[in-house]
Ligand code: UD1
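Coming up is one lone chain in structure tokens, specifically the form predicted alone.
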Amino acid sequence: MDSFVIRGGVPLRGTVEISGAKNAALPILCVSMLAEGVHFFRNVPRLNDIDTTIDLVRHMGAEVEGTAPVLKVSTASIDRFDAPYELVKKMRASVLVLGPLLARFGEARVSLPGGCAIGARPIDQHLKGLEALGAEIRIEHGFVLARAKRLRGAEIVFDLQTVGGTENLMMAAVLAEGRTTMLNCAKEPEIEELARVLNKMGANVQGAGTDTIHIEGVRELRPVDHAIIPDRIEAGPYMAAAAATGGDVLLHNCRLDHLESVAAKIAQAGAEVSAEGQGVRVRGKPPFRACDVTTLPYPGFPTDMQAQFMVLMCLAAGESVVTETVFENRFMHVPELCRMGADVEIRGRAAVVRGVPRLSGAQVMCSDLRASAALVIAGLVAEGETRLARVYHIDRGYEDVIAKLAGLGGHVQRVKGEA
């Protein structure tokens, strides 16, 4: 496994291009299975999770040509309706093939999902919703087995907001007979993007981006040509890094309206955040102010930015409280930050952060995708050299991170083998 060597202390300056949204691209690639024909997807990020999804749709018989950012997907020859453990264990989003396979082909066999070890993320809401649509569901030997001659529209009430569950059931319901109403839906921009794609394919989806979605089922869909929205979750770490290093960075191809909660907290900490052209500019202005933050479903502060914002609070004057309400095991970066001189105490679902004058370079280890981004930011602001192990997590979710940081003046080198 590779590692990063980071030399800190340099303010980031310049322009960085934000890639297409991974969390939008993954379900959209699965959407291709809903309609026979040739699909074109543009602004697709080059990431390991995208490669895993491509392997998955190829396993089912689809043909995928090209390389990100432009992919051509032909679904005329799909002849397998299973998602094997070997692929699903790498990425829990693989479970998103369940809805499309069941809706179009009437059957699916999908391994129970894997992914980052950040806490329990069951798919019970997915299965409950599919059963409401008339599917017969069994779990055998670690696989979900689903069958239905044709799904039927129904009212689905989520017990909690779930992005994956909302997406899976949207993709299932578009080919169901009759009307489906989904209540307590996730409201993320990626949900709106999925609805946009489905409607371009001939579906009738209304209300995406609110907590209530109405879907009128249709008999069939047509292929689509679509460019994916910018990645707000990639943009967030660059915003935090620009602020923390005292830099001045323009994030091109970035939508501030998708990042309002993040921008508000970074500004509250003392940085300047503003829309500029087709992007967002962030100017860091230390010393920073301590401020509390609580993660919430969109449009609240995203759990995927909790770790990165904590780095900024590690350098802020005073005491702040970071509360995690989405995942119960998302403080695994805290011991690593403390190795770098941070003063953070975990108290159940909250972390009390007492600001320190500086962080120091150390040997640290990535535990999950978003914690990895936090440790890169910590390395960029720390005195001396930071050696970051298990960076394969970063490859799953951040495109060309070394090249992008180098373009901003950051010193990050990839080396073979563990640090």
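No experiment lies behind these values; they were computed from the predicted model shown. In this text, residue numbers run from 1 along the sequence as written.
There is another form of this protein, the form predicted together with the ligand, and it is not shown here; the text below is about that form.
With the partner omitted from this view, the residue of 223, 164, 279, 113 that lies near the ligand in the predicted complex is 164 [heavy atom within 4.5 Å]. Note on contacts: among 142, 348, 122, 287, the single residue with a heavy atom within 4.5 Å of the ligand in the predicted complex is 122.
Residues within 4.5 angstroms of the ligand in the predicted complex, judged by any non-hydrogen atom, belong to 320 to 328 and to none of the other stretches in 142 to 150, 248 to 256, 223 to 231, 320 to 328. In the predicted complex, the ligand sits within 4.5 Å of a heavy atom belonging to residue 126. Put simply, residue 179 is far from the ligand in the predicted complex: not one heavy atom of it is within 4.5 Å.
Heavy atoms of residue 370 reach within 4.5 Å of the ligand in the predicted complex, making it an interface residue. In the predicted complex, the ligand lies within 4.5 Å of some heavy atom of residue 92. Residues of 137 to 160 that come within 4.5 Å of the ligand in the predicted complex, judged by any heavy atom, reduce to 160 alone.
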